[in-house]
Structures are given as structure tokens and as C-alpha cells.
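This text opens with one protein chain seen in two forms, each one given by itself as C-alpha cells under the names structure 1 and structure 2.
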Structure 1
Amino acid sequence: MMPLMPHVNGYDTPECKTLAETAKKSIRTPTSLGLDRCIQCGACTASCPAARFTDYNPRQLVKKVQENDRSVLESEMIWACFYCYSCNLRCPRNNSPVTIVQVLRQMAINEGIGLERLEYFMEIGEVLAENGASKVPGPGVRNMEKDLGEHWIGFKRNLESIRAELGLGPKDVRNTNGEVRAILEGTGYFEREKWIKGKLQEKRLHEFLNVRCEKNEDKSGEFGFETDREYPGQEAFIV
């Protein structure tokens, strides 16, 4: 399968000798990034909401990047950040762990790591292209129902009658006149989406085949030629 949009990744995750250089040269990163000035004071971790409830540690993440420890790309830690920018606001050196996380995530995705975390977003592109942000995609509704409970989904289902009771007009689902679709196409969103879907299918196929192989190996001792049982019959007659 072809690499993921090399003409975009040249700006997004440029090929550099170290993680730090990649983070600094990415189009996502401001020139004022204080990565090299980090003093490991821990202000970022102390102010991070995600660090309170998960193993996410922005101070440790920055340290791994400074040490060029590429194992960070396979760490669950990089997926816990939700881009609140508290770390950036509190850093005395104007470092931005949240920006570094964005670059690391894209590097991981380029290598096929963590793609299953993007499945939810694979159903959103077309909804955004047609309706902009005025309509919540189906997967989003299901997730919010799971997180917020039956009260929220009841409110969602009866939204029109509730709006009428409050004297409000029908919900405005805007016609974007193709503008959002043009943006998504121009920025390569659909091309990335196609690449990620292909990689996910490829990964599932490998997992399926591995499971089949493991099952066949388990059975080979009983049904295959690899059995180590002794033949109970007579010895072969040699002519």
C-alpha cells in the first residue's frame, strides 16, 4: 500500500534524524516552541487534567522526545491528551507538550500504530461535508448516549417538540453549498481517510489469519501430520 500522502507529510511529519527535530520542523509547530528550553519542572503535568485520571505525563513525554526515545510512538500515553493547552499556558519556557503530542500521533499513524483509535472519525467526514458542524454524526450520538445516559438521548429525540414548547423555530441544518466538502478535499482529508480505512482492513486481515494459524497449530497435534504419537501398526515392509 502506498505511504500516507507523502506530499503532506513532508510538512506535517518531515523526515529528520530525531523526534525533537521532527516536532520542531512540523507545520503544526510554532517557531517559538520551547522544546530545547524545557527544564523538566513538571508544571505541565501538574496542570494537566488528563494526568489526574490517566498515566499521561507531559513532562515525561517531552523527556522521551528530547532523548529521541522512539518507543514513545507506541505508548498509550500519547492518546490520552485532549488538546486543552493547559500545559502550554503554564510552561515557563513556552514549551507545548500538546503540540508535540499532535506530531507524535501523526508519526504513529504513518507507521500504522493506533489506527483503531481513528475508526470513530471514519464515519464523520461525509456528514461534515454535507452539513458542516450543524449535525452530529451517528457515531457521535451513540457515544454521547453512552456517556450522558438515557436523559440525553430522550432530549435529543424530542428536540423539535422541546424547541416548539420554548417558542424556538426548527433546528437549523445549514446547507454549506459544498464549501466544507471543498475544504476537506483540498486539505486531503478524504485521501487520508481512504488510506486509514485500507490500513485498518489490512490489520484486521493479518489478525484474522494469525488467529486461524494459531487454531490450526493447536489442532495439529491431533489431526495433522505433525503429531508426535507413535504409529501403533506394523513396521513398514521394505522391498
Structure 2
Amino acid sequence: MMPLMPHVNGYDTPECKTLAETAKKSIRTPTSLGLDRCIQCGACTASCPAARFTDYNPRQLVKKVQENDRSVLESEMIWACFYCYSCNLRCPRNNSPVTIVQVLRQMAINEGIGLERLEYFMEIGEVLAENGASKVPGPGVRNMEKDLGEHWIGFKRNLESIRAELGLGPKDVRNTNGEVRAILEGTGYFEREKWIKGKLQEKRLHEFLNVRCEKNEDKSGEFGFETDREYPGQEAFIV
């Protein structure tokens, strides 16, 4: 049995009869969200960097939401958005695919989808609680070290003395008196983090035990996406 999702993100994903209702009531989307006013003009897709380089299609995604097609939650497509808000700016009907997709990702997370992606960034929660500041998480640092090489690693080592030379405090640690940690505890963030970790462990155990029995199921639906076809994944998932 999977542990029950602590509904920490209840305001992001209010329980409603349809995807459209959830999207409209979510605090991730603007109160004036023009989802029902969408005329499928495609200005969002035409403006979208993800649509330009992948098969991501915000116009189609909005249509799926209007049709209450919950298969969209399982599509890789929802993870392609850059959160650049170009569609938000360009939509002539005040719709906002970029914020709708944020709601869809939160709904997918509630169903245990995409947790490996969150795992990559998970360290940010504890770092924020402890230091009051965020940082690139460990797996990201390892990838950046590979890409950026010696110069970047070297300057990171000297960051404290460089900051001092610039007249800034030696380290970016904020003086939050434990208030940030108390807030993360109070909102239930840590419960959510624990749930995600537990769910991932359970998934891995399940995969380990069933590795031979599982079919290679195509979850991409009709939304082809580069990661489904070619993208080999990144080592950095191993946290």
C-alpha cells in the first residue's frame, strides 16, 4: 500500500470534478484565467521555446484540459515547459498555459509521477531551512562541474575570499532565526518531502522486484516527445 499523499499542495491542486475546474481554482493560476475563453488560436505554441525544439504543444495541452483528458498527467509533455511565460504574455484571451502546466505537474506528483525529477532538486528544501538561502543542488553542481570545468570549480573554491574582496559577507547565510525552518514545518513541506522520498523508495523496490515482468509501456500517448524517443536520460538522476 502506498502511503497517503499529505495534501500539502491542496491549494495548488484543489479537488474538483474536472481538470479545468482544478486549474481555475488553483493558486498557481491567475484568478482571471481565461481557460474557457481559449479559441485554440495557437499563439501560445507559436511563442513557445519548448514547442520550437520538442513536440511540446501548449495549445494541444489546453485542449486536453478542456476535454478533461486525464491521460495528460502521464504524458512526458507536461515536463517540457520552460516556465518562461511567453504564452502567458501572448495569449489574446488571457489564458495562461504556463500556469496550467504547473498545476498539472503538481497533480502528476500527487499520483507519484515525475518524482525522480523532484529528487534532483530535493536538497533545496533542507538548504533553505538551514541557511535561509537556496543553491544549485548537489546533482546540478556535479553536472556543472563536468560542463564548466576547472575555472568554475576554482572560483567556487575561492568564493568566500572573492565575496570579502567585494565588500560582501563571506558566505551567503541568512539570519532567519530558525523561522524559515518553522515555516517549512508548518506548511507541511517536510511531510511532502518525506512522502516523495518514501514513494521513490517504494518505486525502486517495486522496479527491482518486477524488473522482468514489466512491459515497456508507452506512456507518451499521442504527444511524441524527444525524451520518449531518443533522450537517454542523465546520470545525474542518481542522487
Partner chain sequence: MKLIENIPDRKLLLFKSCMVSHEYPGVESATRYVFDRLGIDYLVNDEQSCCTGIGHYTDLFEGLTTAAIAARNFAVARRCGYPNITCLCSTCYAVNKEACELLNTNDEVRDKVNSVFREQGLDDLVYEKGDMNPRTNFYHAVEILLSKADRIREEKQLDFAGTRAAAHHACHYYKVKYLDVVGNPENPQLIDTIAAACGAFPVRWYEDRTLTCGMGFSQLHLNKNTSLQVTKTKLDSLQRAGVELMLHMCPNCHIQYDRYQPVIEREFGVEYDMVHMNIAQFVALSMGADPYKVCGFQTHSVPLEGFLEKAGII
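Here, rigid core means the biggest group of C-alpha atoms that superpose within 1.5 Å across both forms. This is a predicted model, so every value here is computed, not measured. Counting starts at 1 with the first residue of structure 1 and goes up one by one along its sequence.
Which of these two, 1 or 2, is the form predicted in complex with its partner chain? Only structure 2 matches the form predicted in complex with its partner chain.
Inspect the rigid-core superposition and answer whether the C-alpha of Ser71 shifts by 2 angstroms or more between structure 1 and structure 2. Stays below the 2 Å threshold, so no.
Indicate whether Gly138 shows a C-alpha shift of 2 Å or more between structure 1 and structure 2, with the rigid core used for the fit. Indeed, Gly138 is displaced by 2 Å or more.
After superposition on the rigid core, does the Cα atom of Leu33 shift by at least 2 Å between structure 1 and structure 2? Superposed on the core, Leu33 moves its C-alpha less than 2 Å between structure 1 and structure 2.
Relative to the superposed core, what is the Cα shift for Ile162 between structure 1 and structure 2, in Å? Rounded to one decimal, the shift is 8.5 Å.
Rigid core superposed, I'd like the Cα shift of Gly149 between structure 1 and structure 2 in Å. A shift of 6.0 Å.
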